[in-house]
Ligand code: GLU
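This document starts with one chain, in the form predicted on its own, laid out as structure tokens.
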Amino acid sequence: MKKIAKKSAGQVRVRFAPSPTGPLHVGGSRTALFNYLFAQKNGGRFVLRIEDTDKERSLQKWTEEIIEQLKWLGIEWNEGPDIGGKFGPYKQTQRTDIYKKYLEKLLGENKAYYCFCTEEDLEAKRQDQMSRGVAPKYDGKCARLSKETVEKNLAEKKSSVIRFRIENKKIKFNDLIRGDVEFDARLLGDVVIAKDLDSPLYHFAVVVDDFEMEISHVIRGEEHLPNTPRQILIQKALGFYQPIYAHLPLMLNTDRSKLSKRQGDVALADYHNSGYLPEALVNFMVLLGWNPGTEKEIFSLSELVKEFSIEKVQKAGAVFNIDRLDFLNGFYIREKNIEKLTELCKPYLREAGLLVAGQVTENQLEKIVEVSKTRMKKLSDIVELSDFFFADKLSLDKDLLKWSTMQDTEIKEALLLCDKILSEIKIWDIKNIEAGLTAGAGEFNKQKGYPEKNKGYLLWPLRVALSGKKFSPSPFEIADILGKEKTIKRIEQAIKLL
């Protein structure tokens, strides 16, 4: 049996170890990202380990989703359940014999023991302790059972668990983010580390895996900080080295409550499916707790590998601001070349039933995406922003056609003039459309006595007639994309409405 792991001659080895009991959420994704960046920056190795000891809730579909979503983000690992590695297997349910060996070691050295207390007994003790103002912890009743009693209970197949004897002393360790941390282990009580020899629990399995896989640094969320003293004591009892810890700040809602799966969409797949780009999410997540120390806010993954430093991770909780994510995503959308962005938008248009074969050409579709992208916060926005381009007939709001104090008769005159101007255009392109309508707007204002520079008297009714929306691209862009026949048809439909 190993005594002390050599940790590959001091090589940095980190791990991301999610439980496949549900979809990967943004908190876990951030943890994976920070581990990946730390490994890349330090020439180390990044391990993906699946902690599926919760057999009832762990499902293969969640393991597959974790792998799929991490790859979508651009996070790569050197060892894992899908690619193997020197220290495999990388799923805890496949490592039972390894855990059993170390459980037997602790039991043999009397550092762990079988506990036969029922749930009812334990709950009664908890209630009694709380009624006396004492912090609930296991009172150690079974820690003093004789060997004969234990063997008799096991032979009778009495329900039991395996508890680890917690030393009554203070545990101190240095955290790369939080500095020196101290816990009083006397407040913990003997912790359950396994249901039986074949069913280890989290605190035990994670310690064994980190040792066996020679993990040098454990970078994880702040919610795991209270687990650390228990795990350090188990490490010492087994003669293991102690990895270096770094606990990332909590992710908070805007009201500074803890970001929780129960409080809304925090699954990474939800953001993926809504049309957030992986580069935007990476950029957003890294700034949830890490500060580069400069005014720079836009980072590619390759830039982060160069600039990331664990020393610049803050202690205070990081607020998850969806407006900030929308801003970053909008930026990355506008950075995409139009061919790539169009391909990314197509699935959303198809799902909405808008992209019917032969309805628009590829050139038209690229123009639609081009004029929509400046107002897109996420890819799925393309549906609401562009649906009018694909409609045969618009549902118009008559009141929306009105600009300023215009009356129905004046709106109708404006649309008739637009119809005349556009019908006379020989070469249908945006340059000719804009030139004709701009000149027409000046003449219309002069004829009606409207302010000369306010072209809205002609162009607003036209834009609404073509789009049916309060907010849309310019009438020049819409007409150019729709084509002459469809443009004239929509103007005539609006005139009929009046």
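Please read these numbers as outputs of a predicted model, since none were measured by experiment. For every residue, the number given is its place in the sequence shown, counted from 1.
Beyond the structure shown, there is the form predicted in complex with glutamic acid, which is absent from this document and is the topic of what follows.
K.L.:
Identify which of F331, F388, Y202, F183 has a heavy atom within 4.5 Å of glutamic acid in the predicted bound form; exactly one of them does.
P.N.:
Selected residue: Y202.
K.L.:
Considering glutamic acid in the predicted bound form, which of H224, R178, R95, K125 comes within 4.5 Å of it through any heavy atom?
P.N.:
Comparing distances to glutamic acid in the predicted bound form, the residue within 4.5 Å is H224.
K.L.:
Between glutamic acid and H25, R30 and L259, in the predicted bound form, does every residue show a non-hydrogen atom at 4.5 Å or closer?
P.N.:
None of them does, since no heavy atom lies within 4.5 Å of the partner.
K.L.:
Just one stretch in 148-156, 202-210, 282-290, 388-396 has heavy atoms within 4.5 Å of glutamic acid in the predicted bound form, so which one is it?
P.N.:
It is 202-210 that comes within 4.5 Å of the partner.
K.L.:
Would R220 count as touching glutamic acid in the predicted bound form under a 4.5 Å heavy atom rule?
P.N.:
Yes - in the predicted bound form, heavy atoms of R220 and glutamic acid come within 4.5 Å of each other.
K.L.:
Can you work out whether S474 and glutamic acid are in contact in the predicted bound form, taking contact to mean some heavy atom pair no more than 4.5 Å apart?
P.N.:
Contact check for S474: no, nothing within 4.5 Å of glutamic acid in the predicted bound form.
K.L.:
Contact between I481 and glutamic acid in the predicted bound form at 4.5 Å, heavy atoms?
P.N.:
Result no; I481 lies far from glutamic acid in the predicted bound form.
K.L.:
Using the partner position in the predicted bound form, report whether E51 sits within 4.5 Å of glutamic acid, counting heavy atoms only.
P.N.:
Contact check for E51: yes, within 4.5 Å of glutamic acid in the predicted bound form.
K.L.:
What residues in 18-35 sit within 4.5 Å of glutamic acid in the predicted bound form, counting heavy atoms only?
P.N.:
If the 4.5 Å heavy-atom criterion is applied to glutamic acid in the predicted bound form, 18-35 yields P18, S19.
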